[in-house]
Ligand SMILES: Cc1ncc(COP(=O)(O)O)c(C=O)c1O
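Here you get one chain, nothing else, as structure tokens; it is the form predicted on its own.
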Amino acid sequence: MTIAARPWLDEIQAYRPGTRSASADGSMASNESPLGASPKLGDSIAKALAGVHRYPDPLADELRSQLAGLHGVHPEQILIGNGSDELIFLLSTTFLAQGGHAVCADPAYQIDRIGALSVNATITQVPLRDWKHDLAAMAALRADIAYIVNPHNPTGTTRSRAEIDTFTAESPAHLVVVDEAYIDFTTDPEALTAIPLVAGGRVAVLRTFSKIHGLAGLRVGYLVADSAIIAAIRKVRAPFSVGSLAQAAALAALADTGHREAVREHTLRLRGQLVDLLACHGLHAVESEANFVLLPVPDENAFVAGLRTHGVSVRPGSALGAPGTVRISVPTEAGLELLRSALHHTHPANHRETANHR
């Protein structure tokens, strides 16, 4: 290579996505929707196909309008992105580039860290306390952006809206970015969401269509923030980053509230069964409010390899900044049975544990 990458990129380890198994039911490494996308998306996407020779609506105005009504904000307070990851990179470019400072949890959501380092910013990671964000320690640090992933990835733990409100009041950070990718899988999303705090001007909230709506392959996310923050980010945003088909699918997904509730119900029910299954094998997961659980294990590599041999893929914690753990996505019903069989071979059930969890 005749050109050298910028020296600060040496600090970045490339993102390592989850590995698929031979079957969709056995793929539990990437927190994808176990029920897929709404079956009602097909007609909307087919209709949008007729216009794919045209550039998409640059700001996805119809989708912004629908989301503004849903969240009780003005459309100018919403920016649609090519997944929430694009919006994290745009936040980094706009507010952290060339010497900015971000603070986040340790382990971090990896894109928060990569986004900051990619623009030559400094990022300080604050270790979790009891698997949760240590907001008091984070509030002691000056920063341009403070990232709170709520529920946290990869642990699935949460902090309350009141705790985030207190953090915002006490922290010297100029902007508090709350990533709510997994909020629909909490027991009370409306009580937890930080969107009501956006009105104060110092809080921004990230959401995604990849999880509850099952649109991971189409890449749609959005940011809710003060209109001045949105206007600043728009200066560096690619004008057509969200395609016509993705916009049409997102609108159809929003309209299908029944499918969204079915995914939520399935996830909460199967998450409980997943935790119980693991406990029957002497494996105790971190209490999660997301569509996955984090599981401390004695030998991470052996655990991942053992399940892979039996058709189940899970995410090694070392790829997520949490060595000594694995992250397991809430599966389909069939996937839970695959995992049950795999654990039977790799981690024979402790009969005493089994009796205690009947």
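Residue numbers here begin at 1 and follow the sequence given. The model shown is predicted, which means the values in this text are computed figures rather than measured ones.
Only in words, not in the display: the form predicted together with this ligand, which the text now covers.
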Spell out, yes or no, whether the shortest heavy atom distance between residue 181 and this ligand in the predicted bound form is within 4.5 Å.
-> yes
Flag residue 226 as yes or no: does it have a non-hydrogen atom within 4.5 angstroms of any non-hydrogen atom of this ligand in the predicted bound form?
-> no
Can any non-hydrogen atom of residue 149 be found within 4.5 angstroms of this ligand in the predicted bound form?
-> yes
Should residue 243 be classed as touching this ligand in the predicted bound form when contacts are defined as heavy atoms within 4.5 Å?
-> no
Tell me which of 215-223, 265-273, 234-242, 189-197 has residues with heavy atoms within 4.5 angstroms of this ligand in the predicted bound form?
-> 215-223
Please pick, from 208, 155, 92, 77, the one residue with any non-hydrogen atom lying within 4.5 angstroms of this ligand in the predicted bound form.
-> 208
Scan 53-86 and note down the residues that get a heavy atom within 4.5 Å of this ligand in the predicted bound form; none is a fine answer too.
-> 83, 84, 85
